[in-house]
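Just one chain follows, in the form predicted on its own, and it is written as structure tokens.
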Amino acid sequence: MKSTTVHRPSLLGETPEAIQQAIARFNQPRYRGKQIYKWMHLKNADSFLEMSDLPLAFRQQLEAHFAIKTLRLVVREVSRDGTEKYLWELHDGLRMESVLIPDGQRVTLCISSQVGCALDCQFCATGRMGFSRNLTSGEIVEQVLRAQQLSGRRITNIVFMGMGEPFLNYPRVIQAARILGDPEGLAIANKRITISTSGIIPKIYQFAREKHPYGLAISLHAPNQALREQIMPLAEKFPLDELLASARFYVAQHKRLRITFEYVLLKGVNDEPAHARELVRILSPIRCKLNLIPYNDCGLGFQAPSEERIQKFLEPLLRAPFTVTVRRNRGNDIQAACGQLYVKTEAKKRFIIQPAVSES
């Protein structure tokens, strides 16, 4: 059911300049925009009333006219391995997810950029939702702020690899990344922010030309055009050979960076040694890393390969001139693949959760 709360526009995710324009009616000095920006992003303020270096009357005006955080926590699930998954409700009643993955001193948050997704990859739970809308830059940034509050952990790494295709929400994603990496924003190192795309080729070229300091990952999932079309319908519009050309352009523009290719291993679909040999052939000319991900079962008819099949797939890759890693799934007991918590909640299936804390 959609929220009936009156929606005040949020200033979270806005630049200091945009904040200053929004508050121009209150006749405050120009530096107020930067003060508010730092309070929201760097200091993680929940209320304008906390902003103690602003006049009280002005803080009350801000509180009456604007919001900061707008996400409502619906469900928080905590895995045995420490992975946490959050289902958020937006001001319009739509829902999306984030996943926190702790690994020693490294704490990675996988964040969403859209509600749902229009790309319909056959193995992805989010694709079954369809597309509702893009997230604002504030809704993207708030996922990080709220995850830090709920987990009690400092987020060190950000991956735009949650619900949605980030490059189909390009301007808001880039603005959010700038705020996440800003020393006066969330102060996360730019090199620890990665944006993942399923292969929106024009935006890869734009991203490369603009020379953003963030990492780039491409969801490959198949070593040839025919197979990629079978499991990723967008491959018909953005063919594999053109996608690889855009990847080569990216690394040519970034002399010290390498691109990451993500490859979900699907049993009996793309996990044969012959597929691995094709990967060696097509990726060898590119300065890259290949990240293999055994499938996290979403109930869509696909399965992860056995450990024996994974080892056989790896054999041809041992001779590859690029780094190959195998990412072991985290949070399997809470079905941590993006889209699964939404699907479970919407279907009202029985499952054990950690109830959301009341946010009165």
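The first residue of the shown sequence is 1; numbering continues from there. Bear in mind the structure is a predicted one, so any value in this text is a computation, not a measurement.
Here the subject shifts to the form predicted together with a small molecule, a form of this protein not shown in this document.
Interface residue remark: residue 84 is not counted as part of the site for the small molecule in the predicted complex, having no heavy atom within 4.5 Å. In the predicted complex, the small molecule lies farther than 4.5 Å from every heavy atom of residue 108. The small molecule is not shown here, and in the predicted complex it never comes within 4.5 Å of any heavy atom of residue 222. Although the partner is absent here, residue 196 lies within 4.5 Å of the small molecule in the predicted complex, judged by heavy atoms. The stretch in contact with the small molecule in the predicted complex, judged by heavy atoms within 4.5 Å, is 164-172, chosen from 204-212, 244-252, 86-94, 164-172.
Site annotation in the predicted complex: the residue of 124, 180, 100, 288 reaching within 4.5 Å of the small molecule with a heavy atom is 124. Site annotation in the predicted complex: the residue of 322, 48, 313, 295 reaching within 4.5 Å of the small molecule with a heavy atom is 295.
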